[in-house]
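Take a look at this single chain in structure tokens; it is the form predicted on its own.
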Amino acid sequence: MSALLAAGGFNPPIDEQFRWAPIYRIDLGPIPLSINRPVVLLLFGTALVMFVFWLGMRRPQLVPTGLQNAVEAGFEFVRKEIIDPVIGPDGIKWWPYLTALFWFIFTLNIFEVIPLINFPVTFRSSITWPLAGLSLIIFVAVGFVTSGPVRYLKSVLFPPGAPKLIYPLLAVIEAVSTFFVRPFTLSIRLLANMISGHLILLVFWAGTAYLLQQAIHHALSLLAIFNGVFALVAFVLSIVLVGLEIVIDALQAYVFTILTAVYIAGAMGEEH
């Protein structure tokens, strides 16, 4: 406790993660479109994913090597682990989109453990909401094209076998569940995991630096030993948490993508 109270106490830079000053200010009437650090990272992540896939497949070889092999492995992972078990053979048409979705989200997530970046772009709701909204638009459009708007909406709002007496209540519940709860949970699950994981890492790294600083400041004292020991413990835990967060970054990209595939499969139900 004394280490936390010394020199004004420990104040991790959490507020800074929610407020980013514009690098270049643009206003479209009342709508602010300023470019800040998260926007720059979003553009960089988008360009990085596009460039890696383009570079890996620009001169495809019959026997893939190097980057082509890695890119093809990325495609195969999505097909074998998401498309085939969830959608089946008809899901091949969604292979490019779901592959791009998985690796795009994973790239934005993994930025939080990249030195000099250390910020997951999916920490921002302005990223997760549009991604969830796009999934909503896609699976609804698939349902409309597959079954027709009337038949699709009927299948969603009035499940077969339900008593007609409760149709009005059931229609409201199913509409909210399908068209509001699905995108909400897609967005909030990714957002909440990225916020919590990033802030935990931030607190541990900042705590390690603070305790080390206090150990140096109180050199050759009992307080220095106390701070040094806890700085080492915090550092080791930080490394462990980085490894755990890499797993979570991949898992959240996987969950978002596989749920999108589940919703698409459901909308294609009339074809299966």
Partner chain sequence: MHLVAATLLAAEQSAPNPVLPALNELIWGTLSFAILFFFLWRKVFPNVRQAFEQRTERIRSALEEAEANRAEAQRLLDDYKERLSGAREEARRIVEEAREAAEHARREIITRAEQDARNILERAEREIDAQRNHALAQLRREVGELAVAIAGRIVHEQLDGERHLRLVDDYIDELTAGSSDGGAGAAG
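Please read these numbers as outputs of a predicted model, since none were measured by experiment. Numbering follows the first chain given and starts at 1.
If you look for the form predicted together with the partner chain, you will not find it shown, but the lines that follow are about it.
The stretch that touches the partner chain in the model of the complex, counting heavy atoms within 4.5 Å, is 72 to 80, out of 72 to 80, 144 to 152, 159 to 167, 109 to 117.
This chain is displayed alone, yet in the model of the complex one of I195, I87, A171, V140 has a heavy atom within 4.5 Å of the partner chain; that residue is I195. This chain is displayed alone, yet in the model of the complex one of L237, A209, L33, L244 has a heavy atom within 4.5 Å of the partner chain; that residue is L33. Taking non-hydrogen atoms only, F53 approaches the partner chain to within 4.5 angstroms in the model of the complex. In the model of the complex, no heavy atom of A215 sits within 4.5 Å of the partner chain. At least one heavy atom of P60 is located within 4.5 Å of the partner chain in the model of the complex. Interface membership of G66, defined by any non-hydrogen atom within 4.5 Å of the partner chain in the model of the complex, is ruled out. Contact check for G133, V181 and A261: none of the three has a heavy atom within 4.5 Å of the partner chain in the model of the complex. Residues R124, S125, S126, I127, W129, P130, L131, L134 are the members of 116 to 144 with a non-hydrogen atom no more than 4.5 angstroms from the partner chain in the model of the complex.
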